[in-house]
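Before any questions on how it binds or moves, here is one chain, the form predicted on its own, in structure tokens.
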């Protein structure tokens, strides 16, 4: 029977068992050097279980007994990464690694810098957050900014400490690393899957991903997952007796002292030639390693030098992934089909005799475009080499000419969309052919409707992506014009759509009929016609009919419209299907105010380059940008000597500082609103 009073002797015994079990688990799962037999470990574990059953309040979050899995989840919640989880740039050749080293040398303005090389594990990136030594949160990479909360599942992985070792660690320590499934564990798991009549996993990475994302953590606990740490995230309140190391290689050793596992193949190098030697060595030993890797990662060792080198978009300049050659196999090309993408791009797809390559069975592979088919001289009936490019997307590398049959036939891209029959056009130097029936083509239907209803287009409030999917799937709408024929009765028939919601949407659709010519043109989704181009067209021609009747050559007279965009516009309005939809839209009551045309030089901000920064309270940034463009300004995203004016909202940062340094005219939000009112 459970007891509420805990004798000091029992508390001390539990603390000792925690310490002893964590010690032996670390030696077994991390160091691969157990000191005691499994049976002795099991006896210690059973002692702790018995004490926790007698005294339930002793069952803490970091207890070794809490790795078996908890209550099943209904779904994963989202976690915002306090510090983004970045991706790495890829390299595939020795020349690219040489160039990488040269770039680092130039960025640091010195030739002497150390690099750290480590295998690129083929698993899932993970973030672990420890507070006061206790594991409190684990999140997947997700999109780099937001990931999934997999804390309950990660707690079941034996090599991940629930509590850090020692006592001299930071108050908050975020550790990044890779969760993977060792080859031996993967093979054992697949044997069990087959024995139970279940489908085996394709490769260790898929097995690891599937195991980590189980809603029932008991399933995860039964899977042989492991983890190696490779970097830090957020660190707060470092222990005064144990300051954070200033080199990546030493930080990895510091993590080991706190009980965290690090890949044993990490090495420090001095030159790019040594990097290549490391790469060649690890590539030859790849098959013998106990885990899957798909390349090598090189990082600048010094954290100070990393900071100096900086970042580009979503990747650090001071690190690069040197990928291994993709795995290849031979098979027969049975046919070539065309897939029509959501933007109308026509992509030839090779239909193959099934072949196992790169850990998966491949039946389809991309051929990219007609130029690639011609360049590679790939023909239907050929035996071809298939590669999983980047270990992800299967592609046809080349035909095996010695195996080419006499009846192998060349392939020519169709001149019409195979889905809707509209003309397929290839403009100038563009590699892709594209369907011109953007408003009519079923392959583009959902994306066309989503774009049409979006805030910057017709701004139909409440018509989100999921509802568009429902409407199309239920065959209530087939094109954008059908939106304006919807009834409340039809909407109420949809799942999770009540009377009030249906009425609100009908009202929003009705409200959407009142728009501007610029918004309407943008809403049509003409390729490469964004808000600015749509506004330029509206202001230049004044009417939709004038735009429709203008040739590509004449369209090029509009400021900022080049030959490719002009041709896209001409082709769009030449397609009968598109004009039929537009006529239906206008017949439904869509209208806009008459435009009083002004010459460009007559606009109050003509020739001015303006930058917006900071947050605005009286209108959103997009609306402010649109108004500035209407007044003739060019709105730029960066401050330079060519900037005429900067409009600074709340919490304006580096752009404001740079504008002040360059003596650029600066307006606040009140000044901007006054400018709009007087223009």
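Note that the coordinates shown come from a computational prediction; the quantities given were computed from them, not determined experimentally. Numbering follows the first chain given and starts at 1.
The protein also exists as the form predicted together with a small molecule; that form is not presented, and the subsequent description refers to it.
Taking the partner from the other structure, the small molecule in the predicted bound form has a heavy atom within 4.5 Å of a heavy atom of residue 230. Using a 4.5 angstroms limit between non-hydrogen atoms, residue 395 is distant from the small molecule in the predicted bound form.
Using a 4.5 Å cutoff between non-hydrogen atoms, residue 88 counts as a contact of the small molecule in the predicted bound form. In the predicted bound form, the small molecule stays beyond 4.5 Å of every heavy atom belonging to residue 345.
For the residues 357, 582, 319, 162, the 4.5 Å heavy atom test against the small molecule in the predicted bound form is passed only by 319. Though the small molecule is absent from this view, in the predicted bound form it lies within 4.5 Å of a heavy atom of just one residue from 373, 297, 524, 189, which is 297. Contact with the small molecule in the predicted bound form, defined as any heavy atom within 4.5 Å, is confined among 217 to 225, 80 to 88, 403 to 411, 461 to 469 to 80 to 88.
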